[in-house]
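First structure 1, then structure 2: two forms of the same chain, each alone, as structure tokens.
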Structure 1
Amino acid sequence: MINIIIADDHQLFRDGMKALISSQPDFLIIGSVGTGQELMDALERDTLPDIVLLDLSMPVMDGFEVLRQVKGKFRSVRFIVISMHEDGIYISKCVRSGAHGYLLKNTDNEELFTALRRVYSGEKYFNDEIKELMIQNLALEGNDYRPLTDRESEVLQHVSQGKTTKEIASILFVSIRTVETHRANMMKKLDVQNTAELISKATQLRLI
């Protein structure tokens, strides 16, 4: 019997999920919580589930924070993220944070069951579409991805708003050469040829 907790701030969703999952003989819903804090409390206090179905966008303590706090703590519990976000960056972030699976909220029933069973048996579950999104995101990041510094981010923000190097220098009270250097460094970090590609890529990477 696979013990499952559902963590999502919408009762409708939890109820629907509970009804669906309970229809299968090998699944048992042992908890249904509406906040990250409730989930943490349940994990500390009660019988540990085999799997947590975890929404990302919960108030106060979101899914990412939950993953961060449980990291290395409840090792026997596996987390399948369920999210509306079909964005490679969210998915990559979840995978890095230790998620064992990722499903979109419009996943169909059979796939949900398959995911639950696969993750229960020790595998990770990411379907082809999810994999493709992750690959796209990693390809965007490139081989030697280094994050932008605070100043670079600031300059990038101004550039994306259409300001010239001269204008940015004036706003930040620095030399034109300083801004030029920051622009050049960003272009190197993101491996792009010019400003158009910089803005394009930075947008895709959610740096703007």
Structure 2
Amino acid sequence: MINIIIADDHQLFRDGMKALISSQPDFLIIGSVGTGQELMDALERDTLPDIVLLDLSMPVMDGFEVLRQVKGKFRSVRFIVISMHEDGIYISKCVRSGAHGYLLKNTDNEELFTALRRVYSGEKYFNDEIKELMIQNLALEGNDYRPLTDRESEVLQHVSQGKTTKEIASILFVSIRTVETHRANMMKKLDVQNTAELISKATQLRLI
């Protein structure tokens, strides 16, 4: 039997997953928790599972913090993240933190079962879509740029909200020329030619 704990803050999701997974003869749900702290308590107190299905967005302690805390501990436990976040940054962060798989919450039944069995057998599981998102994120990480100053970051936020140079100058109590200088410096650092490219590049790099 593959012993599994489900960690997710939505009771209906946990109940649905429990019913689905329990339909397979080789799976056994030994725990269901709603916060990262409850999961940590269960790992410290109860029989260790083979696999934890881990949500990222949980109260008290989120999935990222769980992965950070269990790193080096509970070496026999494997973690499969199951999340709504279709974001290469989230996925790469989970992988670096030791996750053995990453599934989106809209995954189909068969893929879920396959992931559980493969991870239990010692493999890692990332489907082609997830791999592509990771590759895209690695490409962005390889795009070096000089970091923005705090003031430049502040100006960037206002620019992304569609404010004019005059409006930004008024909000920050600086001259229009100062705002224009910050904008020019940001464009140079991010290697872009206009405001549209600036916002697009900043969005890709998660600066806004």
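Throughout, rigid core stands for the largest set of C-alpha atoms superposing within 1.5 Å between the two forms. Numbers follow structure 1, counted from its first residue as 1. Quantities reported herein were computed from a predicted structural model and do not represent experimental measurements.
Assignment of forms: the chain in structure 1 is the form predicted in complex with the DNA, the chain in structure 2 is not. The Cα shift for S23 between structure 1 and structure 2, taken after rigid core superposition, is smaller than 2 angstroms.
Superposed on the core, the two forms differ at N194: its CA moves 2 Å or more between structure 1 and structure 2.
In the core-superposed comparison between structure 1 and structure 2, E152 has its Cα shifted by at least 2 Å.
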